[in-house]
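Read the single chain below, which is given as structure tokens and is the form predicted on its own.
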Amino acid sequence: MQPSKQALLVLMAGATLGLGALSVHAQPKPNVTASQPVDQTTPQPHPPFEAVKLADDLWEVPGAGSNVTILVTDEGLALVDDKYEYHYDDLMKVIREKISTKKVKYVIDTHYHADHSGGNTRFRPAGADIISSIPGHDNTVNKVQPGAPPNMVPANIAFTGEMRLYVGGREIRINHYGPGHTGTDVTVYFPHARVICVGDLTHIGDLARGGQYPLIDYNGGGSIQGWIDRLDTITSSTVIDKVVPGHGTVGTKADIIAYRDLLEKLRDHVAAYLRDGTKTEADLRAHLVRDEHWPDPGLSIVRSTHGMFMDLKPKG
């Protein structure tokens, strides 16, 4: 892609561009058991979407699906996440009526899960460039997420490491450094407003969506230690006034630190429980319910238990 008046993409640490088609970079797959599919294709009723102002040129549309952040510039809009495909019309309605009638130029997927990237199916044909990590692209193409809609559209611009996007004179820093909630997570930082979008790397004020029960998507490349490391990197290297999580309420850096501490506590408890080498995966599941108070059945325990067991049990 050549620099233009509309936008300049500065791709660092091995970023890959593709307009229309993108070469697939194979990623190693962990040896974990697939989880039960969850239906994500049937539209669910939701309260009307609202627009929340974060800064002069930065807005949020929270609620059903995932939180969506919108940067408004003279050159067009850049979105972070886009909910499910079936939210597209309602999402665009609130954007046009409450935020801006300018064209959506970019959608940045924080990760490959359909509640965050399902709208790609509508935004890409409408002319928006979709940006994700390379593993995010690959996981979508390879249909890694159980129960995801079969027509999911992957990013046409993918990268790893750091990517900087300049739109309408504003800088957007997009980072993908290793595994976390999934192996595909990116953070999106708006330095002029000191606002960071973290996707599902942090939940704030939303226990029903897993605030105390982190879903570690090992099938999608996630890792509890990688997740802790990601949050350490974010809090140690970024000036942050506001944090937009994938679900829940807008918070501060203190919320990222608190969630990091929650993950570290979980890691240490599970590692200690498995340390004598006699416990089975069924034992771990029972421990998570009895001692960590995870709901069972529940998506977090279904998707996380086997991977945590393989990850944290004694080696050798």
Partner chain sequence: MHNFRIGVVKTLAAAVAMAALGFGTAAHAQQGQAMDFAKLQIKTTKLADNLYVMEAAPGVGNVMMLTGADGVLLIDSMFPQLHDKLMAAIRATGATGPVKYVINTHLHGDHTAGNGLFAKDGTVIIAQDSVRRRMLLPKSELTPAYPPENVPTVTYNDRMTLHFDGEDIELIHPPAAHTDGDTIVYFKKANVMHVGDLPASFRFNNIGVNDGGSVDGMIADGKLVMKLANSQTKIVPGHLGPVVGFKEITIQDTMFQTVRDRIAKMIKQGKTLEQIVAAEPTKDFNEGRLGGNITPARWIGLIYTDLTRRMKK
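Worth saying up front: this structure is predicted, and the values here are computed from it rather than measured. Numbering follows the first chain given and starts at 1.
Below, we refer to the form predicted in complex with the partner chain, which is not included among the displayed structures.
Between the options 158, 197, 95, 104, the residue in contact with the partner chain in the predicted complex by a heavy atom within 4.5 angstroms is 158. Checked against the partner chain in the predicted complex, the candidates 78, 231, 134, 243 yield a single residue with a heavy atom inside 4.5 Å, and that residue is 134.
Just one listed stretch, out of 148-156, 114-122, 188-196, 85-93, contacts the partner chain in the predicted complex at the 4.5 Å heavy atom level, and that stretch is 148-156.
Not displayed here, the partner chain is kept clear of residue 177 by more than 4.5 Å at the level of heavy atoms in the predicted complex. Using a 4.5 Å cutoff between non-hydrogen atoms, residue 216 does not count as a contact of the partner chain in the predicted complex. The partner chain in the predicted complex is approached by residue 165, whose closest heavy atom lies within 4.5 angstroms of it.
Contacts to the partner chain in the predicted complex (heavy atom within 4.5 Å) from stretch 266-280: none.
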